[in-house]
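So this one's two forms of a single chain, laid out as structure tokens and tagged structure 1 and structure 2.
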Structure 1
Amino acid sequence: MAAKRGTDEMRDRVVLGEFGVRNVHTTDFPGNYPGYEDAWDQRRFEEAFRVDIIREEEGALEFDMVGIDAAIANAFRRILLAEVPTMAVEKVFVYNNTSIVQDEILAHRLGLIPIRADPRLFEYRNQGDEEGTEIDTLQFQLKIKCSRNPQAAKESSDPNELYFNHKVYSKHMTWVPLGNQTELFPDADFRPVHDDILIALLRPGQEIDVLMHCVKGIGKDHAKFSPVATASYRLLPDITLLQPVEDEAAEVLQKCFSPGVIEIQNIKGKKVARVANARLDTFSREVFRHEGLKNLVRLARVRNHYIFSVESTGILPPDVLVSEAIKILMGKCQRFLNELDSVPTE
């Protein structure tokens, strides 16, 4: 029975020790353990696999993906970062720039401004095309000039009072329809995601006059096309108290973990510690610094339970990004299967 428990722990848990981590590598492959049926079975996978939405806010999504391998979880994360397409500034035509920001730096800053435009409405621009069309290009103009405020007090030193348009923000970028885009997108509101992104500072007489072409691309080609601010996952924490922890030891134990992980109950006049919500812990392993506690707690992570956090840049909602990433992953799988079918058999 003890051997079976040890095998189960090796298969299901990644254990964090004081000086290392155990059971890191996947071991549940066919024939590795007598008495365990680890051959791939679609029915068993479908019964075990699930996705639970934990928290959904504007721009952020947290969900659990349970019953998959680390390779699939990481592939999904990488697709979110690098293969879900967006629209971003690709070409900048500088007609006038007398600001202190060099042309190439200005173009770089403009390229990193997230553009609120659904990439599913556009096609990829053909390589080598000089001119954009209404189906593959969005055009924006930034034309602004700084001037003095004649009504400003003479003793004032505040630039906000002294000058007009001395700060160039992303809100000054305006959409210029190409071709018949006005008819194609009658309800469109193409613009930067945030209006308050500072692009440059001007002084009287300085101006910026540029035209920008936004195209469809993926983060694998350039980071400006990445649709997420962050996309990460972690294994579900699993904290087990091996013995009762009471009174002063319970209070010390509570301080070793993130707030909300350990709670103290009053049972028959004694303070008794219990694990309230292991999910909140970040596993600092602070408990191992206390000689009287480190052998009373087992820290582990559930091997096939992944907590995903997706934070969108605002171009698309995070739930849409997740669904698009799933479609891309399905497409990759289908192409692989087609390749297998096309290989001649002898």
Structure 2
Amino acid sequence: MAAKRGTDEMRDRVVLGEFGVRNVHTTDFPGNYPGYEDAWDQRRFEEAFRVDIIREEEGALEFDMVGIDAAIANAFRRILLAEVPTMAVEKVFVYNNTSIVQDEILAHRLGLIPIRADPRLFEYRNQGDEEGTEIDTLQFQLKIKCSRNPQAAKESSDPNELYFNHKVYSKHMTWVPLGNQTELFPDADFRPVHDDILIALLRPGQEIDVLMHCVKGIGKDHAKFSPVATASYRLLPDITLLQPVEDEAAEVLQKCFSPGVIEIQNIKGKKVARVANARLDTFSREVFRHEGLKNLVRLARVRNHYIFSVESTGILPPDVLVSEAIKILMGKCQRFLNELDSVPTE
């Protein structure tokens, strides 16, 4: 019985010891554990797998994926960061830039501005195509000139009063439809996601007149194409009290963990500690600094329970991003299946 519990722990917990982490790698492959059915079984996977949505806010999504392995969860995370395509400014045609911001710095900043355009409506630009067609390019124009305000007070030193248009914001970028884009996208409103991104500062007489081409790209090519502010996951914490902890030790134990993890109950006059909600803990391992407590607690993580947190930059909602990431992984598999079928096996 104890041996089975030991192997169960080896199979589905990652244990955080005082000086290291144990059972890190997935070991449940066929042949490793006698008596366990480890061969891939789609039906067993489907029975055990579930997705729980915890919280959905404006642009951020927190959800749990239970019953999947690290390799696949990590694949989704990597694809969310680097392979879900978006539209971003790639080429900047500078007609006039007399501002203090250099051309290349201005172009770099323009490239990092997230553009509210659904990338699924566009194609990738063909390699070597310098001009761009209407199905793979979005054109934006930024034309702004700073001038002095004749009505400003004599002694004022506030630039907001003295000058017009001295701050160049992303709201000054206007969409210039190419070709038949007005018919292709009749209801579309292509603009930067945020209106208040400060691009440059000007003084009277300075102007910026640039034309920008947005293309579709992926984060692997340049980080400006990444659709997520960040996408990360953590494993569900699992805190077990190996022995009952009472009185002062219980108080100290409660302080060792994040608030809400350990709660103290009053049982027959004695204060007894109980694990209330292990999910809230951030595992600072403070317990290991207390000699009396470190052997009473087992810190572990559940190996196949992933708490994902996806924050979008605003181009696509986070649930759409997750769906697209899963579809991209399917696309990769399909690509190699097609290759296998097209090349005759020797």
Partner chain sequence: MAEEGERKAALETVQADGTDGNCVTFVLHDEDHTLGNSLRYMVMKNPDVEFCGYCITHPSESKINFRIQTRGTLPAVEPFRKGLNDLMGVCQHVLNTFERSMKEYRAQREEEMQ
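Rigid core here is just the name for the largest C-alpha set that superposes within 1.5 Å across the two forms. Every residue number counts along structure 1's sequence, beginning with 1. Quantities reported herein were computed from a predicted structural model and do not represent experimental measurements.
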Shown alone, the chain in the form predicted in complex with the partner chain appears as structure 2
Using a rigid core superposition, the C-alpha offset of residue 338 between structure 1 and structure 2 in Å is 3.4
